[in-house]
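A lone chain, given as C-alpha cells: the form predicted on its own.
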C-alpha cells in the first residue's frame, strides 16, 4: 500500500505515540510531533482517510485513533525498513571514507535523533592543542623563503617570507635544524617567550626571520576557534511534558538554533573527558542554563592525531540512559575507525 508523505508521517506519529502512551491519539497531539506544520483540522481529515483505508481505528466516538493490525503491519514492513536503510547508508558512508564531512555529520545527528527520540548534536572534528610535526624552510628566490609547516592531523600550511639578503643552503640547513630541534612535538601553549628568545639568540643575525617563521607556526597550530555544530530532533523536546511547557521549550529551541551555548557544552565535555570517554550531565551538572531540566550524554570521537569532535544527546532526566550510552559508544567507535581503515 502506497501512502503520500503527509499520510505516512501522520500514521507514523500515531503509532509511535500509541506505543509510548497506550492512549488513543488525537489531532492536537499529532500537530506537535510532525514537521508538516498542519492545522488540527487538516490532520483530522487525513486521519479520516487513514481510517477509511483501515490503517487506524477510533475506539470511541469522542476519542482519538489507535493503529489497526493493518496499520501495524505497514509500519513494520515499510517504516522500519526506511530506518534500516538510513542506518545502512550511514555505515556505507563511514566505510567508504567519503569526504563529504558536513553531509555525513548531519546524517549522524539525524539518525541519532530518529533512533533515540531525543534532540542530538555533533561537532565537526577540530584540532585541540595541535602539535607541530615538522618544519621546512626552502629558498624560492633571492628574496623569498617558503616555510612549510606540518601539524598533527597532517595539516599542512605554507607561508612565504621575504628576506633582505640571500640565504645559502648551509644557512637554511642550520636554521631548519635549530627550529625542528626546539619546536617539534610542541603545541602553541608550550612555545613560551623564553623559548622564543633562546631560539632567536641562537639564530644570531637571522633572528628577524625566525620571528616571522614562529608567527607562521603559531597560525598553523593554533586551536580552531570556529566550532561547527550540527543538530537534529529539536522537535522531540515536545514529546516530554516536563520539557514541553512554553518557556522551557522556547529556551531549549533557541539554544539549538543559535548553537553558541552548545559550544559551552562541548568545551565542558572536552575538559572533563579530554580523551574519548562517555560523559553524563544531569540537571545542574551542565553549564548550559536552558538544559537544567535535562540530561545530556556526550562522547568524544577521535579522527586521528589531535582531530576530535563531540557527539551529544539531550533529553529529559528520565531518558533511557542504557540505550543512549550504548548508541553513543557504537557510533563513537564507528567514527574513530573512519580514518583508521
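Values in this document were obtained by computation on a predicted structure and should not be read as measured data. Residue numbers count along the first chain shown, from 1.
Another form exists, predicted in complex with a further copy of the same chain; not displayed. Remarks below refer to it.
Only one of the listed residues (218, 76, 244, 198) places a non-hydrogen atom within 4.5 angstroms of a further copy of the same chain in the predicted bound form, and that residue is 244. For the chain shown alone, residue 106 is a contact residue for a further copy of the same chain in the predicted bound form, at least one non-hydrogen atom being within 4.5 angstroms. Under a 4.5 angstroms non-hydrogen atom cutoff, a further copy of the same chain in the predicted bound form has residue 233 among its neighbouring residues. Heavy atoms of residue 178 never reach within 4.5 Å of a further copy of the same chain in the predicted bound form, leaving it off the interface. Although the partner is absent here, residue 131 is not a contact residue: none of its heavy atoms lies within 4.5 angstroms of a further copy of the same chain in the predicted bound form. Stretch 139-147 is the contacting one of 68-76, 139-147, 208-216, 188-196, since its residues have non-hydrogen atoms within 4.5 Å of a further copy of the same chain in the predicted bound form.
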